[in-house]
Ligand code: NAD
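Before any questions on binding or motion, here is one chain by itself as structure tokens, the form predicted alone.
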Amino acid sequence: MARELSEVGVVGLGTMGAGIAEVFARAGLSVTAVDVDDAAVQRGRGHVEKSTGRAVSRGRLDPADRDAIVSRIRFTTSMDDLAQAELVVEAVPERVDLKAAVLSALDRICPPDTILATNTSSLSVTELSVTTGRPGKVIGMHFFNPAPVMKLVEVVRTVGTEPAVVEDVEALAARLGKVGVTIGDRAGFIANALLFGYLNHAVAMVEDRYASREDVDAAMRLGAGLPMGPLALLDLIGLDTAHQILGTMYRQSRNRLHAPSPLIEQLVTAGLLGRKAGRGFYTYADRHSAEVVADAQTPVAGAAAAGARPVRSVGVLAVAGPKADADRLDALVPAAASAGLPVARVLAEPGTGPEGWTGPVAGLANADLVLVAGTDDPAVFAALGGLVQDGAVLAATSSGRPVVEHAAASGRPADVVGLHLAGPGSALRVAEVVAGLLTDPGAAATVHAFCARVELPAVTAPDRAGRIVDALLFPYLNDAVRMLEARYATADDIDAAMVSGCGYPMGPFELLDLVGLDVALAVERQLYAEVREPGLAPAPLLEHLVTAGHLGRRAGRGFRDSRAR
């Protein structure tokens, strides 16, 4: 049976350590909070008072409860005051030598049965444990920032951690009201291992000028439903912290996708560390503000519409295809009609030409903008190229092929644009406007102007596999499948980690079941085929499940009812 701990300690009172001390005190534990000097201790006390004061002002905490929480924390500069603690969490900066020195000192000061926990986000807990004389009593207890708000705690056991210690810490996490996920000692654990590969990929996309920082952030917030864009999130985390975590992950995995982007390294060298420095990928009003100054405002939909051609009517050619494409198009058509644009809709079966299309084909011939959904067949664009009027823009809403292929097939390459409709599941949240190598800038501007008219946020995306959203989202999902395949964690624990630790609207396996495993596999094959990066190769487990007919919700079978979970 797990011990019910009552006396705990925290060493290191930065934002993270002070937050952990507050979490313990909120749960009724007696806390000894330690830092190196009086100034650091006062800053830690200030963090706790500001956090609890904010909770009072928002009506989430009574003043009397706030006073009780603060009174349970004894602030000190002496580690000797931890001599009676039953558990101590070190939350000092992410340096092996510093953490090892703290744990070694705690080993000398604390009783033999005291649990020593490290809040490391990426360092080896095993390596830290052997710097003490009690490796069986050392465990990882990785909280997420801000600790009083974020629900996840990753409980990291080493090969030497005693089962009773794991049980005690799991019970403590539950008592704190946290979602505890117990895992082995691996670089990045669950959340950071999945999160930082995605963040690094986003930086590489901006660094290679495939897309702007604003478009990448807007695309992932809207198209993937994430609480923050990846570049803004890196600024919040701190680019120095991100560089350190990625470096640790790369040294352990040798996965090139985890090698820190050169742009991150350059920003760190220049001291542009994100919000805490007042500047990172964006520039902030001050070091303590989330307010972005004018140089980094996210553009409104249609901001790139200069030179647009007039659009007086819209044609839609809907070829029987993926349901998500059809649902998104169904959401776009009434929006066009509400904006005063006549819409002619034509239905087609795959492989049929204009003679077999059902609907007002003449409406397509007279439209200024024709949206093509449900197909990536170049023959469809060849047929449309000879049908529509001069100056009309053809927009491909599916993303299986490069826009330049459709453009070349159409016989009018300057008029073909990609309009990838993105959103979680079948939701329509953002449009990725893709200009191919042969696309006229005025044609792309026409599509941006159309998006603005129907009030659909739009970003400019590269003519590359996956555009922005899928190119960043699906490798993250693939990494989650690989983690499951390696039996590092269960599907439920991985989903819980990403929802509770990163604030994602759903976990990767819930999302895969929603999107469709076959759809995910198709996208991942496209991404891998384009660059042949080994880290992007589809996980064998995903291929096996698709072969077995486990396609997700629409098939009634996916990760949620697979033995793999």
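One rule holds for the numbers: they count along the sequence shown, beginning at 1. It should be emphasised that the depicted structure is a prediction, and the values quoted were computed from it without experimental measurement.
Note that the form predicted in complex with nicotinamide-adenine-dinucleotide (NAD) isn't included here; everything after this is about it.
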(request) Given nicotinamide-adenine-dinucleotide (NAD) in the predicted bound form, answer whether the residues 11, 14 and 35 all have a heavy atom inside 4.5 Å of it. (result) yes
(request) Would you kindly say which of 145, 366, 212, 104 lies with a heavy atom within 4.5 Å of nicotinamide-adenine-dinucleotide (NAD) in the predicted bound form? (result) 145
(request) Name the single residue among 179, 362, 98, 130 that comes within 4.5 Å of nicotinamide-adenine-dinucleotide (NAD) in the predicted bound form, judging by heavy atoms. (result) 98
(message) So if I measure heavy atom distances to nicotinamide-adenine-dinucleotide (NAD) in the predicted bound form, which of the stretches 455-463, 267-275, 86-94, 307-315 falls within 4.5 Å?
(response) 86-94
(message) So, residue 40 and nicotinamide-adenine-dinucleotide (NAD): in the predicted bound form, are they within 4.5 Å at any heavy atom pair?
(response) yes
(request) Verify the contact flag for residue 121: yes if a non-hydrogen atom of it lies within 4.5 Å of a non-hydrogen atom of nicotinamide-adenine-dinucleotide (NAD) in the predicted bound form, no if not. (result) yes
